[in-house]
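Okay, so here's just one chain, in structure tokens, the form predicted alone.
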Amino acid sequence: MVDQKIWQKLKRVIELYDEMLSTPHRTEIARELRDEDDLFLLLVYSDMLGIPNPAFYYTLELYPFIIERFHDWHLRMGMEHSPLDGIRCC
């Protein structure tokens, strides 16, 4: 019983310490994840944008899963309207 209480308190201290370390870097982490996501979407849509992609055949399988994020992506990339003829979102 006593060991369990000590273990719970120690676990809580470790969680608080981890939170203190990660809080200032959350925006940086979110930015890096968004940049990775943008690069991935560029790779997937590169053949449709005119950039040769040797893995185009395999990335076709991903289109149904990432089509919902396409609108946010092309706006972040500075394109007012969809650059692809086959995908109209605006």
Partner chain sequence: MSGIWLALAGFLVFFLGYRFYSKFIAEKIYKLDPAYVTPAHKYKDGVDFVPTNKYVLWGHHFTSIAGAAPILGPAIAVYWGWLPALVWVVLGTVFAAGVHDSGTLFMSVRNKGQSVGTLANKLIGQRAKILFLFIILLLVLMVNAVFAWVIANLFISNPSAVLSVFIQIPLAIWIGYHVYKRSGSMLLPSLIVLIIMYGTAVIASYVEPLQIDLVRYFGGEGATTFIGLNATSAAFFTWIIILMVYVYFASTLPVWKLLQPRDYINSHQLVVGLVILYAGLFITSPEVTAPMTNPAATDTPWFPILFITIACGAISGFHGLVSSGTTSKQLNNERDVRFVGYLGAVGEGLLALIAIIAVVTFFSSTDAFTATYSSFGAASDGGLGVFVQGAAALATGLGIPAAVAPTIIAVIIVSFAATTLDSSVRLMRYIISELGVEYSLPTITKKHVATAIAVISSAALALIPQGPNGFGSGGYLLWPLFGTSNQLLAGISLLLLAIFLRRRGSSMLPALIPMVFLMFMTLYAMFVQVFTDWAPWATNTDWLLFTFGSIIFVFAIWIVFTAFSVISNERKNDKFKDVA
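Residue numbers count along the first chain shown, from 1. In this text, all values refer to a predicted model and were calculated from it rather than measured experimentally. Heads up, when I say rigid core I mean the largest set of C-alphas that superpose within 1.5 Å between the two forms.
Heads up, the form predicted in complex with the partner chain isn't pictured, but that's what we're talking about next.
Visitor: Given that the partner is absent here, does Pro24 sit within 4.5 Å of the partner chain in the predicted bound form, heavy atoms only?
Guide: Answer yes; at least one heavy atom of Pro24 falls within 4.5 Å of the partner chain in the predicted bound form.
Visitor: Decide whether Leu33 counts as a contact residue for the partner chain in the predicted bound form under a heavy atom distance cut-off of 4.5 Å.
Guide: Close contact exists here: in the predicted bound form, Leu33 approaches the partner chain to within 4.5 Å, heavy atoms only.
Visitor: In the predicted bound form, does Ile67 come within 4.5 Å of the partner chain, counting heavy atoms only?
Guide: Ile67 lies outside the contact set for the partner chain.
Visitor: Answer for Leu16 alone: is it within 4.5 Å of the partner chain in the predicted bound form, judged on heavy atom distances?
Guide: Yes, Leu16 lies within 4.5 Å of the partner chain in the predicted bound form.
Visitor: Ok, Ile29, Ala55, Leu49, Leu39: which has a heavy atom sitting within 4.5 Å of the partner chain in the predicted bound form?
Guide: The residue from Ile29, Ala55, Leu49, Leu39 that makes the contact is Ile29.
Visitor: Could you check, with the core superposed, whether the Cα atom of Asp18 shifts 2 Å or more between the shown form and the other one?
Guide: Comparing the forms between the shown form and the other one, which are aligned on their rigid core, Asp18 does shift its C-alpha by 2 Å or more.
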